[in-house]
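Only one chain comes next, encoded as structure tokens, the form predicted alone.
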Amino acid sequence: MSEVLKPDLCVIGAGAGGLSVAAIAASFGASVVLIERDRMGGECLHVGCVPSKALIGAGAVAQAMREAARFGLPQVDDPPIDMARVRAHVQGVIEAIAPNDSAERFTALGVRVIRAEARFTGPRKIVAGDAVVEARRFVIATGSRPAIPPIPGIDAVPYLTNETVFELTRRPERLIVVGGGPVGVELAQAYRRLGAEATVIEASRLLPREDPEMAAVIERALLKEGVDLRTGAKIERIEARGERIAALLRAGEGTETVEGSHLLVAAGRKLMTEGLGLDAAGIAFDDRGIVVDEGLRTTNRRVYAIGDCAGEGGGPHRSTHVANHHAGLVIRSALFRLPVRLRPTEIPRVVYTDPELAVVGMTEEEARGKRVSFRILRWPVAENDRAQAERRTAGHVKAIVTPRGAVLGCAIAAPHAGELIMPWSLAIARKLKVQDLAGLVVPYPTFSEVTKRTAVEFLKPSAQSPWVRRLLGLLRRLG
């Protein structure tokens, strides 16, 4: 006999977004069923954000050893890297965080956790294992998986994706990375710092979705560290050559071959909707994901889709914090019937290279496309005293503001850019002016001063105003 459950909310997928929905809903006293066919925590915990940042952290330490002489300390030009111990470090970080995402924790919160495949059998019904779930509202949070591009020969060679690369216990001699987006450049730099040769192949330019001026900062950093960048290159085919892998490229009118010991595919994502029975539930979807409106509702008004599996209506960028933001909107709509609207321009994104690249709001190109009047404010990291003290001076801030000071967007290529972007995110979300940022009292010496110094650039023309000069002259005469 099937068990019939009738909760307030049924969440499909226990990744970052699904867990957030379940936890928040349970905290309000709502009855929640959470269905997960694989591991609790999803991609972010096991093969995404968490392991990649742990690996990046290991690479940063190795790089610091190479650069220690800049601080008058003993330098290790070729740090001995034990990849088995690096992998143990990565797994240790995952294990430390995993209890927060465990079935036991969510059961203790009052969530019914079902470990099974979920399939819609009608607009208001899901079958999962031996249970039938007839919820008031459903949330699909099934995420995505790596997309494998149709390159001739790729299926005939062993390749890595973010789902398998963290299992390596032997350092690659040369890692060939297919894709110059965030995942590709982050892992290429991390493995280069851990002593591997690394080549990034990108058909367009590096970080093609970002402002070219800011992406160039990351490109220079990678080149300085010895990462081989092949941009504007199309892979014609991939083939095995003994124990090595060769990528045959076409760049312009010429051809060339890149050989390596390992191949990492980081060329986009594919949504995970197979077997969900979306047609039976009246839920539309396409190659970009499940069709949602600005409130993340699907074409079935009782069903929401969040995170990577949400289509174009879920915003142009996918990440854990986007999924968590989606979760908050869905709680307001599904439980409290409040109107919600996703505002993608308020959501920051970060590339975790060194230096980092963080962006929120419009880029220069987008502002020009909308034909709005704007000013560009810049400030170099090299003018920051804390950056000089730590000898981390690469990068700059680039803010897009209106003539009256409204903040349209900001991009920061700098150490700790992911933290430094937050005042600009707040300004956009709360409609603050750049003058408000200029008036902040910022501790000295901190990297945060770059925000204030960039904002003060907006005020400089006022200091040159003839009216201001006349006022000062009048006040001077008055004593």
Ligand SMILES: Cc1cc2nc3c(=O)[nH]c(=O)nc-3n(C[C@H](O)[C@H](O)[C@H](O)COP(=O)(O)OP(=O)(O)OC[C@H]3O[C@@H](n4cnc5c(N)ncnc54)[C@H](O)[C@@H]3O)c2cc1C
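The structure displayed is predicted, hence computed values, not measured ones. In this text, residue numbers run from 1 along the sequence as written.
What follows is about the form predicted together with the named molecule, which we do not show.
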The named molecule in the predicted complex: within 4.5 Å of a heavy atom of each of Pro123, Asp286 and Gly314?
-> no
Partner-contacting position among Leu377, Ala118, Ala387, Ala196 - heavy atom within 4.5 Å of the named molecule in the predicted complex = Ala118
Given that the named molecule is left out here, which of Arg87, His321, Arg174, Arg209 has a heavy atom within 4.5 Å of it in the predicted complex?
-> His321
Report whether the minimum heavy atom distance between Met422 and the named molecule in the predicted complex is within 4.5 Å.
-> no
Looking in the predicted complex, any heavy atom of Lys452 within 4.5 Å of the named molecule?
-> no
Although the named molecule is absent from this view, report whether Phe106 comes within 4.5 Å of it in the predicted complex, heavy atoms only.
-> no
Touches the named molecule in the predicted complex: Ile35 (any heavy atom, 4.5 Å) = yes
Mind telling me which stretch in 24 to 32, 64 to 72, 413 to 421, 51 to 59 gets its heavy atoms within 4.5 Å of the named molecule in the predicted complex?
-> 51 to 59
Sequence-ordered list of residues in 2 to 32 near the named molecule in the predicted complex, where near means a heavy atom within 4.5 Å | Ile12, Gly13, Ala14, Gly15, Ala16, Gly17, Gly18
